[in-house]
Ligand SMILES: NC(=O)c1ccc[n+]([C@@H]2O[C@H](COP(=O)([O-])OP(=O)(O)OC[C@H]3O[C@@H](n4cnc5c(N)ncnc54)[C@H](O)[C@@H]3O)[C@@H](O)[C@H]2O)c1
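For reference, the chain that follows is the form predicted alone, supplied as structure tokens.
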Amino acid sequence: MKDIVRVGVVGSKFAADFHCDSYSRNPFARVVAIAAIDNLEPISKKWGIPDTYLDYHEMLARRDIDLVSVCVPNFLHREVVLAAAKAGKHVLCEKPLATEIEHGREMLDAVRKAGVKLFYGEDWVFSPSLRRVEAVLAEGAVGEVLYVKAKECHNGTHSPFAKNKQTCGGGSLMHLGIHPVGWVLHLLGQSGRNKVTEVTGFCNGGAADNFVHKDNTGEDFGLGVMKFAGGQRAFIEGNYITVGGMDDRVEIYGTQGVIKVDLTQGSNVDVYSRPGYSYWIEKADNAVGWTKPAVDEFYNLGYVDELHYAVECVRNDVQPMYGCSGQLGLACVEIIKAMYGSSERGETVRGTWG
């Protein structure tokens, strides 16, 4: 067992920041280096990272790094994961795993051949609220699960890479809807044994066809329906037209009950403010009037436990479970691409995913 897992981070913006935050809470992890083309001084100073690199290949050449966090724009995930695998490093890749299905398959093949672990960063799998839901379901509280509704929505991305269909891999469904897709696969997929067999998608066409974000080449509104081999169905939503802060919700319908979860706006703190204050939830325009400020967003959304899990797998040389694996990450990309194909052709797509 390793005493300390030494981490190198590639990227320096939003995702890199919450990765550093999560590692900083773990006594068995230490971020020893970070590589990016900008923002290096602020992020390294904030988190006390001793070494910085403009070229991540130089960082990967270090023998003391055990795990690499990939926190770059979507279209760069493939090249960084391949380079890390070639350097013999375990890798934790942010969502989506890749922008194209063939790239995801190449990444899985590369880590398999290199004998390193690939972790897929689906934070919902580690959300304390959703883990509690799993425990309640395991007791049979709602009977047999028949139908799940899950969504992640907000008022739009600020990243130029996420606004571009080519560099994002899609639009709001790929950028936001991928979270509920991944979690539903984790919940209902029985570690890949209960496959998705039908997919139907309904999406705006991007640019002029969008509701609000005409400068996005990908869609700003997307819906998808998944049917599992076991008969369960799931309804997925990811949109950029929701104002008032990020809105992540789950509903589960069973033969004996119902579960409803508000992941992002369900704080137990209520504030009424006339002048407003600095921050209450991601993507909120202001904090005037009644708000429910998040208490520990990174923890509640699952990031802290997600990265803790990856560190423990590296320390103990254990392969990741399905819900944190490259296999799940690839299935998410395949399913969302099938939803896009369904939307374009106006028909249900049949196959096997998961």
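Residues carry their position along the shown sequence, with the first being 1. What you see is a predicted model, and the numbers here were worked out from it, not measured in a lab.
Below, we refer to the form predicted together with the ligand, which is not included among the displayed structures.
Chemist: Would you point out which of 315-323, 288-296, 60-68, 30-38 contains residues with a non-hydrogen atom within 4.5 Å of the ligand in the predicted bound form?
Modeler: Comparing against the ligand in the predicted bound form, the contact stretch is 30-38.
Chemist: Is residue 88 close to the ligand in the predicted bound form, meaning a heavy atom pair under 4.5 Å apart or at it?
Modeler: Because no heavy atom of residue 88 falls inside 4.5 Å of the ligand in the predicted bound form, the answer is no.
Chemist: Examine residue 25 and determine whether its closest non-hydrogen atom to the ligand in the predicted bound form is within 4.5 angstroms.
Modeler: Result no; residue 25 lies far from the ligand in the predicted bound form.
Chemist: Closest heavy atom of residue 76 to the ligand in the predicted bound form, within 4.5 Å or not?
Modeler: Yes, residue 76 lies within 4.5 Å of the ligand in the predicted bound form.
Chemist: Quick check on residue 336: any heavy atom within 4.5 Å of the ligand in the predicted bound form?
Modeler: Residue 336 lies outside the contact set for the ligand.
Chemist: Of 122-141, which residues get within 4.5 Å of the ligand in the predicted bound form if you count heavy atoms?
Modeler: Read in sequence order, the lone residue that approaches the ligand (within 4.5 Å, in the predicted bound form) is 123.
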